[in-house]
Structures are given as structure tokens and as C-alpha cells.
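Given as C-alpha cells, the chain that follows is alone and in the form predicted on its own.
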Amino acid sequence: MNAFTVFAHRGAAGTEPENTLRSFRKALACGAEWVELDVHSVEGVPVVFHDNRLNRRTKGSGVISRRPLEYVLSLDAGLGERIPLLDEVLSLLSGKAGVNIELKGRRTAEPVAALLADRLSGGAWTPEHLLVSSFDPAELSRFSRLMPQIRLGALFRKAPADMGAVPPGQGLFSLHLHKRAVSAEIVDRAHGRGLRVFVYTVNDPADAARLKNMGVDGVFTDFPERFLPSRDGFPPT
């Protein structure tokens, strides 16, 4: 990863339907070297979608993990785009960008690990191009046991009260913090444990500049086009 990493959050979610192939294509066109996406397991197949329920992003209904895969893949996720399989997104990104996969739903660790193992065995991907994160320490732990070579990111909505709250599991690489939860103190403490700090969701280049000066290692943004043309100095000129 670069000294300051810009993750295209759900692709280029500020201008395209989030977590769709169209959104990821736009992120690549903006020059994104890393994208972030969310995964649920539907009939044991990893699909790329953020919400637990289908209602906000589609005209479908119900909890995504409880619906038939055929039904989920039939829905319009925006501008005629359907909800993609993780396998399809990996094919699109292969050799073009790394990916941060957030394990969003329950029982996602096993199918995601199986798919990544297949991709790694084929040589198209390497562990350095992969980062797996979750708010759920148990899900991260399950994934780590299956794929110890893949780096992990622990997600927090609020800053952990102490670094002892951060899971010490094998492969932990980074803390992913809400922009209102980050401080210079927690960045220093994380760095003291050898962890990187990535902040979500940052759409103002001035905020990114402030965070970079604080020592933050990267940001997630819905608008990669605002950041990538001048990655080494914010705001872009």
C-alpha cells in the first residue's frame, strides 16, 4: 500500500450505484488502486451488497441472506445494474486494484475464504492485494483461522476505550475508524502496536489533509475522483 491509501468506498458510490460493477469500473477509471466492498452470503455464495435488507437499494424486500440467490440476482441495484457476485468483482479488479472485503453478514467468513483460496491458487491474486475487515471480531477470527495469510482490518464506529479492546488475532493489520472517532492519540497508540489506521467515510479533501497530518494512513471515500489526481497532497490542484 502507498504511504497514504485512498480506498474507493463501495466503488465510486458518490456518483454511481454503490457496490455495483458500474461503480467499480468508475473507481478504476478514476485511478483507484484500492476499492472497498461489502459481502453477504446468500445460499453460501458471496454477493456484494451493503445492507442487511434489500429495501433501500432495490425494489426487492427482506433480509438478503434469507432470500433465494436467483431472486437477489434478479433485482435492479440502480441504473439497470444488478447485485454482483464477489467472484465477478474480483474478475473485474484482477490486476488493476486491491480490494478491502468487509464481511458484512453472518457466516460470510467461510464462503469468502473459499473463494479467495481459489483465486490465490490461480495466481491472479496475491495476499498483498487483499484486506478483509469486519465489525464482528468473531467473523474475523473465523476468517483468520481459514486464511491466516490474509491481512485483517478491525472496524469500529467509536474509538476503542483502550487498545486492549482491539482483537490481537493473527493477521491484524489495520484499524478502520469512523472519522468522528479518530484522534492523534489513538493513531499514535495504533502505530505503536504496528497497526495502520484507515478512516471512513471521508469525502472532503480538506478533511483528508487534516487526517493525513494527524498521521492517518488512508481514507475511504465515495468520491475517488476528488482525491486520486493528487494523492500525495490534498486537496488536488
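Residue numbers here begin at 1 and follow the sequence given. The structure presented is a predicted model; accordingly, all values stated were derived computationally and were not measured.
There is another form of this protein, the form predicted in complex with SN-glycerol-3-phosphate (G3P), and it is not shown here; the text below is about that form.
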> Looking at Lys179, His50, Arg67, Arg189, which is the one with a non-hydrogen atom within 4.5 Å of SN-glycerol-3-phosphate (G3P) in the model of the complex?
Replying inline: His50
> What stretch, of 33-41, 205-213, 181-189, 59-67, brings heavy atoms to within 4.5 Å of SN-glycerol-3-phosphate (G3P) in the model of the complex?
Replying inline: 33-41
> Using heavy atoms and a 4.5 Å limit, would one call Phe135 a contact residue for SN-glycerol-3-phosphate (G3P) in the model of the complex?
Replying inline: yes
>> I'd like to check something about Glu139: if you look in the model of the complex, is any of its heavy atoms closer than or equal to 4.5 Å to a heavy atom of SN-glycerol-3-phosphate (G3P)?
In response: no
> Does SN-glycerol-3-phosphate (G3P) come within 4.5 Å of any heavy atom of Ala113 in the model of the complex?
Replying inline: no
> Would Tyr200 show up as a contact with SN-glycerol-3-phosphate (G3P) in the model of the complex if we use heavy atoms at 4.5 Å?
Replying inline: yes
> Which residues from 206-220 come close to SN-glycerol-3-phosphate (G3P) in the model of the complex, meaning a heavy atom within 4.5 Å?
Replying inline: Phe220
